[in-house]
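One chain comes next, on its own, written as structure tokens: the form predicted alone.
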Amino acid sequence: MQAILLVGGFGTRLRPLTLTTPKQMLPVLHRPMIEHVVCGLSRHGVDRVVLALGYGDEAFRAAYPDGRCAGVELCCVVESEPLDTAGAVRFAHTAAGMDDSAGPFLVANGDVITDLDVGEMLRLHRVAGAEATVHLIEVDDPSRYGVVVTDPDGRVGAFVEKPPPPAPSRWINAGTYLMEPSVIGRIDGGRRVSVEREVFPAMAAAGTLWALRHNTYWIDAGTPETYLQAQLDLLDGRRGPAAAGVSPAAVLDAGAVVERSVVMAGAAVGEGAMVRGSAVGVNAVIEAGAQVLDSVVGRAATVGRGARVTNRTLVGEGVAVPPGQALSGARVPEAA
């Protein structure tokens, strides 16, 4: 099976981290986010992934010069202009020369990390004779997602993007789809087309869209909260055995305190410093007496002596937080 990963966005919700690194190339527990996504697909038989690229495409090519990622063949295609989700799928399908005779293909958002059983999704898709099948997850607050209403058999009756409360359902579009090649014919060329706002509602009206409701592990790692949570979930053993957060290539002073945190290769944590519930990037420095709590410190950044960085603060690549400064919920530097 082949898959298209949508990785062309600007990652604005994770600025300033994404000012220098595309979102899906940001590290999640010592390796890029994209590798966690591709590994999940490969476990279910995906052997070729097409990256629908836009912003920062050179970073992906540089990271995988041999055209393989996590053991899977990688094909990179780059939009000359943003085409939205459906437009990107159509462009990638055509530019990568995907064969219609191969049957259904997967489409996934590149910042979604999930343990979805693609085989179960494919079985439903085939039994239903669906043109496309959407993975759904149940959430407490569906207001920032696409809400999906189905009948008892899974046929989609309505697809409502980001509804105002009260929402008609708590089952949301989880960002992984199975599509028949005929879906490409539903997408106009040469303009921006949204899967969520145009293509899926039209298919729901035609009775050809189905959904798999499956509450497996799932996280949209595209916000400061969820980007950090994806890493803590691995430390906590929510996805297999608990992982080690501190790289063997990191340097921790004997008097430093590191709790439930990721400290990446080349990073240093000084005497009396505390890192708790946080991620410290490659070659970053946490100086003596500094505190990093529930925050992310980017590659080669420095948190000065006695400084305090808390409450989902994001410190960008190479930035120096002055000694003694206190930051809470900040983004440094502030994005324009």
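Counting begins at 1, following the sequence as shown. Note that this is a predicted model, so its numbers are computed, not measured.
Omitted here: the form predicted together with guanosine-5'-triphosphate. The next part is about that form.
The partner is absent here; in the model of the complex, the one residue of D84, D233, E180, E198 having a heavy atom within 4.5 Å of guanosine-5'-triphosphate is D84. Relative to guanosine-5'-triphosphate in the model of the complex, residues L6, Q24 and E79 are all within 4.5 Å by at least one heavy atom. Contact annotation: G11 falls within 4.5 Å of guanosine-5'-triphosphate in the model of the complex, judged by heavy atom distances.
Using a 4.5 Å cutoff between non-hydrogen atoms, V49 does not count as a contact of guanosine-5'-triphosphate in the model of the complex.
Not displayed here, guanosine-5'-triphosphate is kept clear of L212 by more than 4.5 Å at the level of heavy atoms in the model of the complex.
Mapping the unseen interface onto this chain, G245 falls outside it, with no heavy atom inside 4.5 Å of guanosine-5'-triphosphate in the model of the complex. From the list 149-157, 107-115, 127-135, 199-207, the contact stretch for guanosine-5'-triphosphate in the model of the complex under a 4.5 Å heavy atom rule is 107-115.
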